[in-house]
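Just one chain follows, in the form predicted alone, and it is written as structure tokens.
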Amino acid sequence: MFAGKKKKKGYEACSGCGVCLLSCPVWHRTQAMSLTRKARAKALQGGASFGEIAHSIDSCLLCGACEIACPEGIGLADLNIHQRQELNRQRAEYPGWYPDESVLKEKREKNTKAEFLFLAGEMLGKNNEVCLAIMEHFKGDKRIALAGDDGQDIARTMEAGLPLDGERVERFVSSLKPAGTLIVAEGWLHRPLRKWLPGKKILGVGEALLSYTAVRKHLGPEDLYVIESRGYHADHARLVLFYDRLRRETRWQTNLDLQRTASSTGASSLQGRKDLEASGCVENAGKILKGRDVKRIIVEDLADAGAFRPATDKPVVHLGLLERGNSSS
């Protein structure tokens, strides 16, 4: 679905090198080889069916880090979704963490025409304090509006590997066309939006807010800054340079590893939104914190705040609240 002009390689190209394990939150938490991207590729190469590796396919948190790490250039982000789609065609029941019908059929408001459109998504859309604080940063620009239709139902449908309603997608995409820049909180939407709206500027909440000196000045070497992994990995080549410049300016610590992939809690995944503990998100947050001497955790993704709070006694702050000196999100 997200393929570009150059067709990416599939699972048959996997050499079994295991580099993808270095950035996989499921592997780091479970140490279970059967749940890894490498294991799924080798099983399929050996003739396994999607049903036989269902548990492995369902365990993926879709953070996107494996694709950046893969030396073979396999399109792992597309591949992970494709395998979930194929598995759905075979099974009679979906996992309990799949989105329910009420979420997928929720009525959306029409988007107003604006040069800049802020798509708050599920988590921010439910938190008025943080959402309003973010909009307050943008208040000087009269060309920005909060999207009534942020496409969160489309994001959840795609992540689950369920069939998309073409008319629904068309209505959503058409409502975004008047805008020149989209500030998109749901990292999972960055890939398809770049395909559906080529030429549009797609920014994450972090990149948009960090363009303000008033926000950046509150960051320093005693902060652990947690980059939202899905949007970051969807535009890795550009964003790795963006965040590296900010690292030199602020001297902050980040969740980037030596390969410059963003270690993920998985909190934004369907599994994480259903149960942070059971899906390992809190444990993943603890692993990101391990060995770090920090006084505060700053998150771009509000879902990550839920994973870090049980893992530490340090303040966890959403980026949008920094200028206000608020220590809760």
Partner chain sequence: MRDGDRKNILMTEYNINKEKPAPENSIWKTVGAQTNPSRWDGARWSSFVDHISARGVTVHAGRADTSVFVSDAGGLALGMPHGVVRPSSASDISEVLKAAQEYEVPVTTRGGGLTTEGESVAFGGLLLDMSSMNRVLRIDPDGMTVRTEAGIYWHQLAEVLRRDGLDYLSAPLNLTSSVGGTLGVGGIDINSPRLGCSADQCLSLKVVTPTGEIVECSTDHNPDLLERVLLGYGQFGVITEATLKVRPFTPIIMKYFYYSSLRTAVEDLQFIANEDAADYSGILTIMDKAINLLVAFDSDEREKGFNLRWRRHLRGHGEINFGLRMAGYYLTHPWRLREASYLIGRRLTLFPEFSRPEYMHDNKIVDRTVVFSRAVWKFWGGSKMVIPDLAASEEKFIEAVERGNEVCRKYFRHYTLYCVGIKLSGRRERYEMSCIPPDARGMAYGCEFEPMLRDTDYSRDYLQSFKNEIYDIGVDMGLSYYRFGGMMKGYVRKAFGDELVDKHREMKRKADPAMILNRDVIF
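Numbering follows the first chain given and starts at 1. Predicted model, so just to flag it, every value in this text is computed and none were measured.
Although not depicted, the form predicted in complex with its partner chain is the subject of the following passage.
Let me know the one among G166, P178, P95, G148 whose heavy atoms come within 4.5 Å of its partner chain in the predicted bound form, would you? Exactly one listed residue reaches within 4.5 Å, namely G166.
Which of these residues, K201, K139, R143, R248, gets a heavy atom within 4.5 Å of its partner chain in the predicted bound form? Spelling it out, the residue with a heavy atom inside the cut-off is R248.
Mark W196 yes when one of its heavy atoms lies within 4.5 Å of a heavy atom of its partner chain in the predicted bound form, and no otherwise. Residue-level check for W196: yes, a contact with its partner chain.
Against its partner chain in the predicted bound form, would A32 count as a contact residue? Criterion: heavy atoms within 4.5 Å. Answer yes; at least one heavy atom of A32 falls within 4.5 Å of its partner chain in the predicted bound form.
At the 4.5 Å heavy atom threshold, is E277 in contact with its partner chain in the predicted bound form? Contact check for E277: no, nothing within 4.5 Å of its partner chain in the predicted bound form.
is_contact(Q259, its partner chain) in the predicted bound form, heavy atom dist at most 4.5 Å: Answer yes; at least one heavy atom of Q259 falls within 4.5 Å of its partner chain in the predicted bound form.
Spell it out for me: taking its partner chain in the predicted bound form, does every residue among V26, K126 and V215 have a heavy atom no farther than 4.5 Å from it? No, the whole trio is out of contact, none within 4.5 Å by any heavy atom.
Looking at 71-79, 104-112, 205-213, 118-126, which lies within 4.5 angstroms of its partner chain in the predicted bound form, counting heavy atoms? Contact-bearing stretch, as computed: 71-79.
Heavy atom within 4.5 Å of its partner chain in the predicted bound form - qualifying residues of 280-307: K287, I288, L289, K290, G291, R292, in sequence order.
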